[in-house]
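Given as structure tokens, the chain that follows is alone and in the form predicted alone.
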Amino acid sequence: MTQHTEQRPLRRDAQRNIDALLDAAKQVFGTSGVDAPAKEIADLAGVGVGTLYRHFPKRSDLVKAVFQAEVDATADAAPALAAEHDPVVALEKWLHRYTEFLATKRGLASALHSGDPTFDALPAYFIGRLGPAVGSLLDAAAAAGAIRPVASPKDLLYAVSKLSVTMSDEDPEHGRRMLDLLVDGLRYQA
């Protein structure tokens, strides 16, 4: 007897609930952090707390799903930006999108380093999705002669994440200015 390992597709209402929960969790995590009450997330999604726990039995399951959805959306923006803009503008716009992704992940860094095994694969997922996305934009901008080919995708992702950190006494535009400075540096002597 063979085991049937394929999962049945979700019903539309179940998928709508998951999508609403992910959107709500993204918003709530952005303002209140990843330890925000489950009821706050469920209320914003328009579902009961039981529905939240049915789809995401542990808090870490929800955090992981939100993180992966945001990584995917950020990675998927690269080809669209490349199709709409010249290479260096597409790279700059994507890097700004990436900084927005980083800024909305309040409390995520501490959750990712909490030792919860649910998060073990996320760093590789992050690099595996975002590295090729920014790499394609870097390669196109360098091939066009718009930037110097000096940074690897991983280097650039880490540099932007470090530059985007705002100090408590800094204004919210600090990260944007630092990113603009970095892009200007990439353009220098291109």
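Being a predicted model, the structure only gives us computed values, none of them experimental. A residue's number is simply how far along the shown sequence it sits, counting from 1.
What comes next is about the form predicted in complex with the DNA, which does not appear here.
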Practice item. Decide whether Tyr158 counts as a contact residue for the DNA in the model of the complex under a heavy atom distance cut-off of 4.5 Å. Key: no
Review point. In the model of the complex, does Leu181 have a heavy atom within 4.5 Å of the DNA?
Key: no
Point to revise | Contact flag, Tyr53 vs the DNA in the model of the complex, heavy atom cut 4.5 Å | key: yes
Review point. So in the model of the complex, does Val150 come within 4.5 Å of the DNA, heavy atom to heavy atom?
Key: no
Review point. So which of Leu163, Ala65, Ala142, Ala38 reaches within 4.5 angstroms of the DNA in the model of the complex, heavy atom to heavy atom?
Key: Ala38
Practice item. Only one of Pro132, Pro123, Gly33, Gly46 comes within 4.5 Å of the DNA in the model of the complex by heavy atoms, so just point that one out. Key: Gly46
Check your understanding: Among 123-131, 23-31, 55-63, 142-150, which stretch has residues with heavy atoms no more than 4.5 Å from the DNA in the model of the complex?
Key -> 55-63
